[in-house]
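The chain below stands alone, shown as C-alpha cells; this is the form predicted alone.
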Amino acid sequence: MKLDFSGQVAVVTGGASGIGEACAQVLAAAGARVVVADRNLAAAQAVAAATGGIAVALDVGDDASVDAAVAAVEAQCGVPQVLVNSAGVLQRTLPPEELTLREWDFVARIDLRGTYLCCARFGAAMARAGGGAIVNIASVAGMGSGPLHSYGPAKAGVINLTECLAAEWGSKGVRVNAVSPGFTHTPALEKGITTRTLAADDMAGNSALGRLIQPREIAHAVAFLASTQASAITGINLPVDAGCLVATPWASYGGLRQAG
C-alpha cells in the first residue's frame, strides 16, 4: 500500500528530531510539503532542507509562539491538510515527594496543553476549510501505571483529548487520531541509556517482540492514520509498542517464554 500526500501540506511539531523528524521524512517521501515546526530552528531548517520542506520556529508551551507559527504556515502554505503533534518532553522517574510542581507543570504544559493548543489553532482552521487529519503522539505511558506522575497523566490526557476533538470536528471533515509509542530509540532515549537512567535490555525484554521500536516505525503508523487509506478512522489510539502492553502482565508468571 503506497500512501500519497501529493499536493498536501503537513505540519509536524517537534519535527527537528526523533519521532517528529521521522514523520517529516516519511510524509515528505510520500509527496507532502512538510512544515518542520520546532523550537530549535536551526535543527528544523536542517530537516526541512533534507526533506524539501520549510522550517518554522515553534514553542508549543508559548501561546504567542503557536499563534505566530499558525500565521506563518498559513501565509506561506495555506491551511495545512495534516498536523502531527510530536513536540514533547520526557520526565525523570521521581517519586511524588521528589517531583517538584515546577517540573510537573512544565511536563504537563508541553505534553498536554501544548498538544491541545496546536490542535485548537490548526484544527480550527482545518474545520473552517472543510477537512484535515490530525495525529497526536501520545504514549503507552498514558495507558497504564508507571513512575511518571506528570508525563503519564499528560499522555492519558492526550488520548482523551484526541477522542473529544474527533467527536467535535467529525462533522466538519477533520479526523483526529493518536499513536502511542512504546520504548522508541530516539536521541532522548539513547541519552537515557548512555547515562544509565534507562536499561536497553530491560526495555526490550519487556516487549513481545523483544526489541526497541525505531522512530520510522512510529512514523509509518502516523502516515497511515493521516492518509486517505484511513478515511473512516477517527478517535482511535493506536499503540505501536513492539508488544509492550501485552507482555507486561507476564512478569507475574515469570516473564515471557524465550525462543528455543
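What you are looking at is a predicted structure, and each value in this text was computed from that prediction instead of being measured. So that there is no doubt, residue numbering starts at 1 and follows the sequence shown.
Keep in mind the form predicted in complex with a small molecule is missing from the figure; the text below concerns it.
Using a 4.5 angstroms heavy atom cutoff to the small molecule in the predicted complex, none of 113, 156 and 162 count as contacting. Though the small molecule is absent from this view, in the predicted complex it lies within 4.5 Å of a heavy atom of just one residue from 223, 32, 58, 35, which is 58. None of the heavy atoms of residue 25 is located within 4.5 Å of the small molecule in the predicted complex.
Looking at residue 184, you'd find a heavy atom of it within 4.5 angstroms of the small molecule in the predicted complex. Contact between residue 229 and the small molecule in the predicted complex is not found at the 4.5 Å heavy atom cutoff. Contact check for residue 138: a non-hydrogen atom falls within 4.5 Å of the small molecule in the predicted complex.
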